[in-house]
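Coming up is one lone chain in structure tokens, specifically the form predicted alone.
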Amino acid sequence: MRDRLIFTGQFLFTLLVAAFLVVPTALSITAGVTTNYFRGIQSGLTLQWVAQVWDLYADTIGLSFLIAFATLAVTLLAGVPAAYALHVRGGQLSRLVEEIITLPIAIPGLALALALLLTYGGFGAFRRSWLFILAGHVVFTMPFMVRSVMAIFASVDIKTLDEGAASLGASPWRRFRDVIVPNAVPGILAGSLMVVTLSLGEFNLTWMLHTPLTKTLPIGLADSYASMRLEVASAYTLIFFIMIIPLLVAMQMFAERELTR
């Protein structure tokens, strides 16, 4: 009886917390498809605000996905080998490099963006292109990829596997391709999910680095709210969820399938 009461209390508390988080989101999404926000659903449903947002901000959505997947590609190409090298080499120098790589986690996005502006802001073409935002996103998300992969390496004793493959005559490239990467798949998938999620939703760093021609999805969302038309801003939020949630669910399902395999 006592356990049942505890379970019921925990369940009700979970529902309360979930409602606290979900209800505002649901209200915001609903406002994006109502004719008049202040009159609510009774004013009628419409998709005119969604169409207006798509006309005004479609380019920001496409650019956000381009930057997110480009960030993922760079962090995979650089982060996985870096994690492998740091784990296999070990030593104080490796720990120092690891701390430097993970330092952006502790630095506010605005400070990181300011550092990039002071260092590379003078390169005009680079500063005006989306590649400048990509550089910031790579610096910001790289620690999550490296940490995720290193955690997997620590759990499967990758050093022993690597040494075993080397003793059988496998070249460094073949060991990395056939031994290291397959064993790192769970960490790579977890890191990829975090990288894409963080890149798509990053605002502070992107706000400092963007130009009028390189606005991303969160910047467009802020602009829509600044317009003081709640229906437009809410419709933008609705589009944000429609674009992001299926992607995250698909990546999560793929990660779970690979872990099961």
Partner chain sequence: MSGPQGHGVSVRIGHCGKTFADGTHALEPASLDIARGETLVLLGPSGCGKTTMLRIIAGLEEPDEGGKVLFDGKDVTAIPIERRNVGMVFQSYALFPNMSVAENIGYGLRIRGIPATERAKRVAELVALTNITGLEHRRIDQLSGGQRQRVALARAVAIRPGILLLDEPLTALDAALRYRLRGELNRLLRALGITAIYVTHDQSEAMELGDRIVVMRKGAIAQIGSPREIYFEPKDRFVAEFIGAANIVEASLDDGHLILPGGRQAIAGGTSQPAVVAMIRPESIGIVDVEAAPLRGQVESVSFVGDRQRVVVVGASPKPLTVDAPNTIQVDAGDRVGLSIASKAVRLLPPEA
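Keep in mind the model is a prediction, meaning the values are calculated, not measured. Numbering follows the first chain given and starts at 1.
The following text describes the form predicted in complex with its partner chain, which does not appear among the structures shown.
Although the partner is absent here, residue 189 sits far enough away that none of its heavy atoms falls within 4.5 Å of its partner chain in the predicted bound form. Not displayed here, its partner chain is kept clear of residue 147 by more than 4.5 Å at the level of heavy atoms in the predicted bound form. Although the partner is absent here, residue 108 is not a contact residue: none of its heavy atoms lies within 4.5 angstroms of its partner chain in the predicted bound form. In the predicted bound form, its partner chain sits beyond 4.5 Å of every heavy atom of residue 125. Here the chain stands alone, but in the predicted bound form its contact with its partner chain, taken as any heavy atom within 4.5 Å, falls in 158-166 among 76-84, 115-123, 158-166, 96-104. Residues 170, 171, 172, 174, 175, 178, 179, 182, 183 are the members of 170-192 with a non-hydrogen atom no more than 4.5 angstroms from its partner chain in the predicted bound form.
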